[in-house]
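Below you'll find only one chain, the form predicted alone, shown as structure tokens.
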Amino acid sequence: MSALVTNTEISIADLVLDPYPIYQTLRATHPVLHVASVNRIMLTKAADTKYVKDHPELFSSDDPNTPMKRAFQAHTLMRKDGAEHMRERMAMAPAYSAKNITSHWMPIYDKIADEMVASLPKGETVDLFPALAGPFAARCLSRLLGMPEATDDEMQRWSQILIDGAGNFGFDPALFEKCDLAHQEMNLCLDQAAEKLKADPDPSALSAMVNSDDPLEMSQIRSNIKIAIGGGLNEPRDAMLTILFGLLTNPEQMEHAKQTAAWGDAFDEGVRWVAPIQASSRLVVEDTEIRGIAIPKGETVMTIQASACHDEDIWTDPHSYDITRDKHPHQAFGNGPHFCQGKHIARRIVADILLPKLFDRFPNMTLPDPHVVKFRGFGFRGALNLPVHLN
């Protein structure tokens, strides 16, 4: 059995700027590596990240070293295992049922998309992050969660603050202070919405939780809704921008998508190419080994989904966006008990609703200068801007 190696050169700033060359090197040379800057053992091969997620009895979500608990002021369902995790996960499940998605949410999201796409000006260059992707994801999510009183701007601001806090592996106190202020605003909004939903229930996640025969404590209801605010907004937003960037920088693929309505393929390849949620942490609960390297009990491993989705053992030329590539399961939405509950909604609102409407109104959309588009993020990653010419 080999000893664990520690790397002191990889910085958080490097990972935020562009982690993919780093992960490519690690997959080839040190697929199991302790990285001092994040104080975690990075796992960069797909087989290893899947193994960890599929074995919660060895790798617990209850990681005491995560910044998430401080950022969310709570022990959320994301940091729980077994029956405790499942009870809280299932409390929100009715809102995500196939019946509710099809009969209730899709007509609402379709109307939101119609209004937002119609409001975009033809013949102008527009940054689709603030003009469409962010507000669309925010408004859809506020309805799903049961807090329609929250504005698009509030939802986006809260989501980004929670993401920054959950990914605050350097434990910067200033980021946690922003979280504390945002919690005051979110708690007020959620408590007011909960009272309304007790009197007038609907299919939303908050309604399902507050009207349950065996309701969670309100503190846990709040924290788990906040998990959805943090992760449920950035996934469709960032997926949409990544997909558009991929299509607009590959004209042949864009034509193929338009001609064959391959929007589902475009979505799946987009989240593989740049996974919105890039990394997750797990606590090692007993001495074990991965690839012949000893992993002691009490250590924290970090499954790098972003790297797993680029593993050369699975994908040819993984750094390219290619909607026609052979299909393989990817880990952009995780796997195991914590598989993303909102995956199907994210896929449907982007692939079934927004992309077809956008290209129907602007069939000759172009990206004037791909070099101005900036992708950033380590724990969570996406484009910060996407200025397109709407033709």
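Quick caveat: nothing in here was measured; it's all calculated off a predicted structure. When you see a residue number, it is the position in the sequence shown, counting from 1.
This next part talks about the form predicted in complex with a small molecule, which is not shown.
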| query | Heavy atoms within 4.5 Å of the small molecule in the model of the complex: which of the stretches 179-187, 266-274, 245-253, 166-174 has them? | reply | 266-274
| task | Could you tell me if all three of L26, A306 and G377 have a heavy atom no more than 4.5 Å from the small molecule in the model of the complex? | result | no
| Looking at R40, K45, K53, R348, which has any heavy atom no more than 4.5 Å from the small molecule in the model of the complex? | K53
| query | So which of H85, R143, H310, R222 reaches within 4.5 angstroms of the small molecule in the model of the complex, heavy atom to heavy atom? | reply | H85
| query | If you check in the model of the complex, is P67 within 4.5 Å of the small molecule, heavy atoms only? | reply | no
| Should G334 be counted as a contact of the small molecule in the model of the complex, where contact means heavy atoms within 4.5 Å? | yes
| Even though the small molecule is not shown here, does G342 get within 4.5 Å of it in the model of the complex, heavy atoms only? | yes
| request: Verify the contact flag for A138: yes if a non-hydrogen atom of it lies within 4.5 Å of a non-hydrogen atom of the small molecule in the model of the complex, no if not. | output: no
